[in-house]
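Single chain ahead, by itself, as structure tokens, in the form predicted on its own.
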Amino acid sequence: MKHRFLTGDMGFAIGWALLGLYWMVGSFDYPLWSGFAPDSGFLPLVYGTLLFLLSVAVAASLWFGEAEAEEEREPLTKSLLVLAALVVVVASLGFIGFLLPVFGLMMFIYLYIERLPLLRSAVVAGLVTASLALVFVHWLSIPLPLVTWDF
């Protein structure tokens, strides 16, 4: 029988649990409460505790759960393509703006990686990009990078 402790999933869960524990312990260097409002150590304590408990729950479910059949995982190339596309989008935000790179990123993911139809990809990418612009630019008044071509 293959020991469940030696899997990558278990290592990942233990790593996140240790990070949550580190975050929890580090929050004690800051005040937790000030008067009637939380102070700077409160949220790191809460988020560290949540991360630790959820990671321990995942590790426990891996340890005590029944062994699952090996499932076919997504190829690594998909993840690397998405990562490369994100790098290109972040690098181009400063001189192309926000809307066009984000629309292009979603079109790339929908068309090339997920192989969805062109019309559906364009409609969903356009609606999501327009929604982001509506929320951030108009409702929250956060200036997104715009096209700044200076020749």
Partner chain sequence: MEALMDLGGGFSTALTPNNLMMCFLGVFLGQLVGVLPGIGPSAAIALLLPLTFGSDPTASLIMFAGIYYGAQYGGTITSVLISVPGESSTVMTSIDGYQMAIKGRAGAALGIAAIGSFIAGTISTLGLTLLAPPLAQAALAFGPPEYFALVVLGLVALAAVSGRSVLKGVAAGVAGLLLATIGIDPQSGVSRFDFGMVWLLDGIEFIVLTVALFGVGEVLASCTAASARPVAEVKNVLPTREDWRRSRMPILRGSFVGFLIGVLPGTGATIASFIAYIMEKKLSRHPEEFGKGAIEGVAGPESSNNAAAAGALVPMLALGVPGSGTTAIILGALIMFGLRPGPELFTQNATLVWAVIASMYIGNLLLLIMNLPLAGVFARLLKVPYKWLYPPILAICLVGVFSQANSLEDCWLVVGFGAIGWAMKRFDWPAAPMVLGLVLGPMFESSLRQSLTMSHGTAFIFINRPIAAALMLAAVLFIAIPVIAGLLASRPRPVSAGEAP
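Residue numbers count along the first chain shown, from 1. No experiment lies behind these values; they were computed from the predicted model shown.
From this point on, the text means the form predicted in complex with its partner chain, which you will not see here.
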item: Partner proximity in the predicted complex: residue 65 to its partner chain, non-hydrogen atom cutoff 4.5 Å; value: no
item: Touches its partner chain in the predicted complex: residue 38 (any heavy atom, 4.5 Å); value: yes
item: Residue contact check: residue 43 to its partner chain in the predicted complex, 4.5 Å heavy atom; value: yes
item: Heavy atom of residue 132 within 4.5 Å of its partner chain in the predicted complex; value: yes
item: In the predicted complex, residues of 84-98 near its partner chain [heavy atom within 4.5 Å]; value: 86, 87, 89, 90, 91, 93, 94, 98
item: Cα-Cα shift for residue 12 and residue 87, closer or farther in the predicted complex, minimum 3 Å; value: closer
item: Sense of CA distance change between residue 84 and residue 12 in the predicted complex, threshold 3 Å; value: closer
